[in-house]
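Presented below, as structure tokens, is a lone chain in the form predicted on its own.
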Amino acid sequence: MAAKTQAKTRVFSDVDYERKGKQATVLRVPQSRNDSGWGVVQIPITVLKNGKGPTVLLTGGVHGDEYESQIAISELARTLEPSSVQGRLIIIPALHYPAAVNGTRLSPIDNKDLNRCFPGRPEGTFADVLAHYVTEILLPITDVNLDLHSGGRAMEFVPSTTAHVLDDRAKMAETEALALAFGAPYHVVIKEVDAGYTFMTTCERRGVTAISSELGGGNRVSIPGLASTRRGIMNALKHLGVIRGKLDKSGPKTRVVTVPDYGCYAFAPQAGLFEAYHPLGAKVRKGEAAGALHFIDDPHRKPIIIDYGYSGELWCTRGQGQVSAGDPVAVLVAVR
């Protein structure tokens, strides 16, 4: 209930998670500024509740430059009615709202990546406070979380759902079944760089069934990525019994693949302009050239050739030409 949430968190709202019907309102996150001491950041949220069924938390815009989820989830908030729902659906199209408005991965308020701030803390900065609200208020009432991402400006992906390797085999099977219903071309079981403070990891620790995604990117609205997002959300909700209907199987059959170790990542050793040699989905081999790193400050310098450290298929590549030292320029997946 709304009154209980105010006792546990600095975020406040008139939303009542137990009320039947449809509520379209905002979460208010305090943000004191030079020109507004009692100012708040308002994050749109829609809640639909009807009948009996699971509670699904559907989130997009954790990174503000990832657009496909923000569009598809906003459409759902606008068009879905309670009579179509069995259970409860909590819809937040742009969870990290300041970053979404700014079109950036990090917040313009505190320069933090929300997806590296979980489980959050109420005494922290904006991203910490928001992550704490999600962890302590929303996850205890959530059965399933779909937190949808894409490559943003940094990377471009084969549209995919993602999940971590779990010790709980039954929970992992449940997660995979959800991903197969979603129906993206890949379902990637990933060894992720710095996953300990992510939203998905926090869901896993709290016993919430969770999948994430990489649904396009390249600093634009990906046509195949958005199509996969729209179809996948509806398929997942049908699979969970939240809405009725048959799954849309018009997309390619999902292939379950893995990122088994950090050898699947190719990193830029220096700053420069990266030229990829292969299209997404290409089959490549360890030691094969992934691309060339060019140096415009010294036109006479030969490019550095960056090799793949693994044999597999090209899951993603750099979304923009400029790279800094240590940036990933390609990530491979292996067929499980």
Partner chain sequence: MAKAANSRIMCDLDWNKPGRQVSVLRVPQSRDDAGWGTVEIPIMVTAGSEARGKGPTVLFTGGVHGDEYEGQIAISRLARSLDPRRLKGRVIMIPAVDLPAALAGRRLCPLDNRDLNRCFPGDPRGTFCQMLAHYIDSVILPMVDVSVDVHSAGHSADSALSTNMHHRADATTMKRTLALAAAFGAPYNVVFWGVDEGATLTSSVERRQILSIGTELGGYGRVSVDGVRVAERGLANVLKHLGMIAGKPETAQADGAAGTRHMMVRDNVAYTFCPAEGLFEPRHTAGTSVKKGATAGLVHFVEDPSREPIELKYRQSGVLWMAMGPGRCRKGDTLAVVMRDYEGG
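Positions refer to the first chain, counted from 1. Owing to the predicted nature of the structure, the values given are computational and were not obtained by experimental measurement.
Absent from the display: the form predicted together with the partner chain. The rest refers to it.
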Among 117 to 125, 139 to 147, 90 to 98, 243 to 251, which stretch sits within 4.5 Å of the partner chain in the model of the complex, heavy atoms only? 90 to 98
Considering only heavy atoms, tell me if A177 and the partner chain come within 4.5 Å of each other in the model of the complex. no
My question is simply whether G319 lines the interface with the partner chain in the model of the complex - judged by any non-hydrogen atom within 4.5 Å. yes
Please run the contact check for Y67 against the partner chain in the model of the complex: heavy atoms, 4.5 angstroms, yes or no? yes
Contact test in the model of the complex: V40 vs the partner chain, heavy atoms, 4.5 Å: no
Complete contact of R153, L226 and H278 with the partner chain in the model of the complex (any heavy atom, 4.5 Å): yes
Answer key: of M234, L80, V221, V256, within 4.5 Å of the partner chain in the model of the complex (heavy atoms) is V221
Considering the partner chain in the model of the complex, which of K286, R301, R33, K283 comes within 4.5 Å of it through any heavy atom? R301
